[in-house]
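Shown below, as structure tokens, is a lone chain in the form predicted alone; questions about how it binds or moves come after it.
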Amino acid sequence: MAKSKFTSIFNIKYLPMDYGRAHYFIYRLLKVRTLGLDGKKYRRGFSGGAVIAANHTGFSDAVTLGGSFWYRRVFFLASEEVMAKGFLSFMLKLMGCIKVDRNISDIEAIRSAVSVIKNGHTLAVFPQGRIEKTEEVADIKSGAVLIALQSGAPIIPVYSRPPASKFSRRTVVVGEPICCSDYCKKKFPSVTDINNISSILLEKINECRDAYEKGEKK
């Protein structure tokens, strides 16, 4: 587990990711503002493994999350379609993407994701499972909760969407961490338990959306 919110220890294995983080940092300075639920600049940060669960509006979401959490090595669950091509798949893996087949219960992807988190890293998941242009998040899949339960990591709800103008900064709202053990203490949670926590996560993402709306009106 990391002792600081900054994962600054050099490791050649993560050199491509750290190269990307440098670009994420620049992108954040120029194009992203990250707020908490109170509308103020998000400064809390976090240490150790965590699951970031964000809504999904387009392919730029990954860069936006990378910029918001540039101080962490952020791994991503990416669909099989995105990682279908050989060279692109190779590059995305170097950048920390884990391929997941959305059409099945991809046990291997879940294991890889849990391993990443238990090693103290951050995993970003788009629990809608597809790109959705709607402002409200109406439905999510249970994968983020399942990974959090198996890894013992908190889930950090996030909401964002592209700004009206390409010259404007993109606002990202980060909610309070969700600790799954607060809602289920079973060693082997049932499907009902997982779905109940997924419903709570959905509420928290939309809580971030409400804060986003207030922030955009200021």
Partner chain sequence: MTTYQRLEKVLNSVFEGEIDPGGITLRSNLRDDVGMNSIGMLYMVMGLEEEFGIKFKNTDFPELKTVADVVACIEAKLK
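From a predicted model like this one, the values you see are computed outputs, not experimental measurements. Residue numbers count along the first chain shown, from 1.
Below, we turn to the form predicted in complex with its partner chain, even though it does not appear here.
- The partner is not drawn, yet in the model of the complex one stretch among 183 to 191, 45 to 53, 63 to 71, 32 to 40 has residues with heavy atoms inside 4.5 Å of its partner chain: 183 to 191.
- A heavy atom within 4.5 Å of its partner chain in the model of the complex is found for exactly one of Ser142, Ser79, Ser89, Gln128: Ser142.
- Think of it this way: in the model of the complex, its partner chain has a heavy atom of just one of Ala124, Leu146, Val137, Val116 within 4.5 Å, and the residue is Leu146.
- Using a 4.5 angstroms threshold between heavy atoms, Ile110 counts as touching its partner chain in the model of the complex.
- In the model of the complex, its partner chain sits beyond 4.5 Å of every heavy atom of Glu132.
- Contact annotation: Gln150 falls within 4.5 Å of its partner chain in the model of the complex, judged by heavy atom distances.
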